[in-house]
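Encoded as structure tokens, the following chain is the form predicted on its own, with no partner shown.
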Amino acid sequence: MFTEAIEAILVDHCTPAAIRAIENGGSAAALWGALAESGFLELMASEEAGGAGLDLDAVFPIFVAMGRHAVPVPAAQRIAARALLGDVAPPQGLLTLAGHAQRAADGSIGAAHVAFGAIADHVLANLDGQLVLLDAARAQRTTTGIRGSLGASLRWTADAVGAPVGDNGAQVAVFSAALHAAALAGAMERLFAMTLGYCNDRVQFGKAIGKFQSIQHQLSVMAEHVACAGVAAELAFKAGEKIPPLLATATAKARTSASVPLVASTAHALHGAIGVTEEFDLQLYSRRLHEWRMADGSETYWNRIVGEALLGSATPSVLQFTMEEIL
């Protein structure tokens, strides 16, 4: 019910034209306002606080849908912030997550490559294990320099940092990685649908190129990776839980990120020259795939976390470790 409703809002307000406008410096107020007024930003808030009190398994398809629509505002991060903050009410405005903020010797705080850091009003950050709310308007922002990217590195002076609002800062990085795993799964679904549609429509030598065996083989491999990414991403969103578990999230982020190079390159290869043009929508999703693959750490970072946990475990087999710690 929630997924269908938010899909309807995204179809109306998160069009490719709206995404391009926000990427080029336009206001995100219309899209953000539509999501806020519908109440979707409070899905994980408790019912006592006026929210829906949803668990992770209920919000997973919503986060996937946001990836499928390449949502250019931190809506998923704002929904997650409600679970991370507990009884603390988040501030109004665009709020994003920073899982690895660091304090410098002069007391300033830096957060590198923050998703939506270029447009966020507030940042909920993990600072030495503490949960801190930071006013993005007081930060020095350095954009990534990548065309269309809404990410940025932010730095605050020491006097801009208030008291912690919780001691669960480590959960920010894990939740942010889970969000990106779900977004990757959704964006890959969209990329595959676009590619399959193009191969069925594009005619060469008297028949659709999707009828050629070599094209079918590439589509089959692409479909396997997209399906695998969807299943892996769901691992992080356990029923009855509010915060994604570390090892399941590490597996989800690692596996979805690992599929990005093949899915993106196959999509562009099968679209031919049109696939690399700015006017064609394919780049809206493939650019995000590469950016989200690196967000919160690539597959190399998260595979290491799983590997270290396995080596430190007393379980007698990899299968048993997987069954007990990840699934």
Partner chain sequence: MSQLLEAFRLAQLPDAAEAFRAEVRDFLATNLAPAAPAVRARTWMGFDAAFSRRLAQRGWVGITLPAAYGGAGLDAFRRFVLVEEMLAAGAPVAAHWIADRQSGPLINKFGTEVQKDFYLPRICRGEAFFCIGMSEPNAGSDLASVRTRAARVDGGWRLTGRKIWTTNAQRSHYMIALVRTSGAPEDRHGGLSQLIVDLSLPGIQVRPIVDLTGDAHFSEVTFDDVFLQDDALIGDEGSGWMQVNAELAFERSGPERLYSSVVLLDTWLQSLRKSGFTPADAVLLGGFTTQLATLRSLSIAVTTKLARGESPVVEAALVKDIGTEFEQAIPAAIEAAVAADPARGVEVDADLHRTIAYLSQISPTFSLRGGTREILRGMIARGLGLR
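Residue numbers count along the first chain shown, from 1. From a predicted model like this one, the values you see are computed outputs, not experimental measurements.
Although not depicted, the form predicted together with its partner chain is the subject of the following passage.
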- [ ] Go through A139, L219, I119, V161 and name the one with a heavy atom inside 4.5 Å of its partner chain in the model of the complex.
- [x] L219
Open item on the list: Under a 4.5 Å heavy atom criterion, is I9 part of the interface with its partner chain in the model of the complex?
Closed with: no
Open item on the list: Contact with its partner chain in the model of the complex for I109, defined as at least one heavy atom pair within 4.5 Å: yes or no?
Closed with: no
- [ ] Answer yes if any heavy atom of A232 is within 4.5 Å of a heavy atom of its partner chain in the model of the complex; otherwise answer no.
- [x] yes
Open item on the list: Against its partner chain in the model of the complex, would G210 count as a contact residue? Criterion: heavy atoms within 4.5 Å.
Closed with: yes
TODO: Go through 232 to 240, 124 to 132, 141 to 149, 109 to 117 and give me the stretch that gets within 4.5 Å of its partner chain in the model of the complex, heavy atoms only.
DONE: 232 to 240
Open item on the list: Pick out the residues of 281 to 309 whose heavy atoms come within 4.5 Å of its partner chain in the model of the complex.
Closed with: T300, N303, R304, V306, G307, E308
